[in-house]
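Each of the two blocks below gives one form of the same protein chain as structure tokens; they are labelled structure 1 and structure 2.
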Structure 1
């Protein structure tokens, strides 16, 4: 026997701000927040101002975290508070999607300038010497991906089992999928799952720029961006409290949405049809109803965005027609590890407002990874 899984708490922070109300308003058409100058020529959706003291004590906890860790720890606290689950953190499982820590860009620039003028046979030796003397132990430790989970455990007292997943968008989808599966199988009653990403990082922007995927110049809605070079990253953190229905009912918790099927895949990106075929296979036997909302994870990157467009066209042709299609990248940007849980949060908000009978959440990673999740209202 498998347990039904509810979302009972949402902690969502984006460039728009924090909390359900501001993001529910975004679903109704609020304009995005864009910084087109700070990292020109690449526009981003920036971090909002936050009162970190509301969730993270000042006594050293804030200073030893990188910005993405502070953002994730803050959002995790919001989710726990909305679920009314502060008394349950000792038994709460924790599953986090995280990338690597922030690089020391000043050291990177110094290394590049130094080795550029050296012959090839000397460059490697000089690189090793500069890294050995330039990287601080504290910087190295801050780059450990599982420190986000560690900080959540320390700050909020979440001390159930802990898992950290790496692998961009696919990591977040698998974190949610595995969290839901563990609860459904009876291996716990409550879990906290999510991720965080800060867009204002030159190291990540240059990584995406090298592939030619980043949009340059002014922001435009996803539908108006030319093929290729359409990615605008967004600063966001999203955490969800998942509970079995029996666990939530026993403590009188309200369900925001019922989390149904969560499916993930990783097609070889030999063309947009491979990602489309992967998503189509994941969608088989999903009990979709007419008018279901779609919270689209299309990022603006050329191949996955085209693949998702074809996938949705195939859904319309083969099954119940969807209602509203919302591109989260238009609202909050593409938040990489935080994108899939953020889209689940937006879907849950849409269902709680009575905007649709169901919500299908899609995920198409920039490099690799397809995912789908089906949410339904709590009866």
Structure 2
């Protein structure tokens, strides 16, 4: 009852632009799109301009969302289109890796500016008053994590099921893993899985600033970022249409790549329970062949990036020689929940174009979570 899983559609948007051509071309190497001023001192990879009407035709729907949900809903539509699966959405399963939606940062700043200067006993009441008069009703739904999936259901009609995974990078790996496992065991024929991240958000930059890992100042390639403080976040969304081979063949859909193993783990990253050891355990018995491309999800955060480098070196020493190694952080930045799906999309594009005989995708969360996926060409 274990079916082969194909990727039959990709919806990929990043700071480079949208669609397969621009991203496939980027795999050969190119300069990234960086905004070093808008959120200084933190450089980010910004959202590209999008013609939202093409995927979210109702202005009312657009108004109910903030940029994060719009970006994800847009990319989900691109994936459905490429798969030619518009007629299949009613029974399509939906798995989304999500963070939180945008806060009203102007309101946050106004509240902080006033309340930080108040004695503690007055702060609580004043907070209630300012929030009660300042919060906009629509923002609540724009903020809810599962409403990216909700909007994809509403805008594109995807209603087979809907599950939203949380937990940063690892959430996306588990969403893909679980989507593939459910299809492989015969729970449905087609699924849509992915995530989105908007880097130009002060609420998220505040959270990641707390990690101490955000890069400040100018952009530099991953290899030149000094130890620590090397994380540059990137706006991106990636959705994949996954389908059993039988389901795809029956409707004459072409496979872009075959999704082999998808494995996830979570080392405590202390002592012997290292990210590197966790990934090495996940890599055991992966049928790697010489010349396999590596699409690396190294983020630039010090510890996991160093661990990933050692893991890949170990893999090279013990197994077949890899071909091209692409650090997606150099091209599109680190897109947190969208990182793993975006890297799968890049790998699938490389395979579909015949640029690589096989592709290994790595994911190393900034704080936790290690993941690997192996993609094969469609025979």
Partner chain sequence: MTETAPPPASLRDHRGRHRVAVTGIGLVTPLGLGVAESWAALLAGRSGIRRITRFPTAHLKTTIAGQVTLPEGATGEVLTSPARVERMAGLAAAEAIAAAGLAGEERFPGPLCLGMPPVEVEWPHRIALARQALDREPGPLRYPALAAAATGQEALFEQCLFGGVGERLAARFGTTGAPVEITTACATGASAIQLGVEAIQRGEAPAALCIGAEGSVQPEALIRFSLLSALSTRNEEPERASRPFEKNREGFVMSEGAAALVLESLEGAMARGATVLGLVLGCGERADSFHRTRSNPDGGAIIGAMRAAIADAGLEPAAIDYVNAHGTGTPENDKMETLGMRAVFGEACPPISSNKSMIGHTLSAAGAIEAVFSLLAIRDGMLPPTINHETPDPAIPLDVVPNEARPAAVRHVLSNSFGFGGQNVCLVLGAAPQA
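Positions refer to the first chain, counted from 1. Just so it is clear, the structure is predicted and the values come from calculations on it, not from any experiment. The term rigid core refers to the maximal set of C-alpha atoms that superpose within 1.5 Å between the two forms.
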Is the form predicted on its own shown as structure 1 or as structure 2? 1
Relative to the superposed rigid core, does the CA atom of residue 119 travel 2 Å or more between the two structures? yes
When the two forms are laid on each other by their rigid core, does residue 181 show a Cα shift of 2 Å or more between the two structures? no
So, does residue 220 move by 2 Å or more at the CA between the two structures, with the core held fixed? no
Mind pulling the C-alpha shift for residue 130 between the two structures, with the rigid core superposed, in Å? 5.6
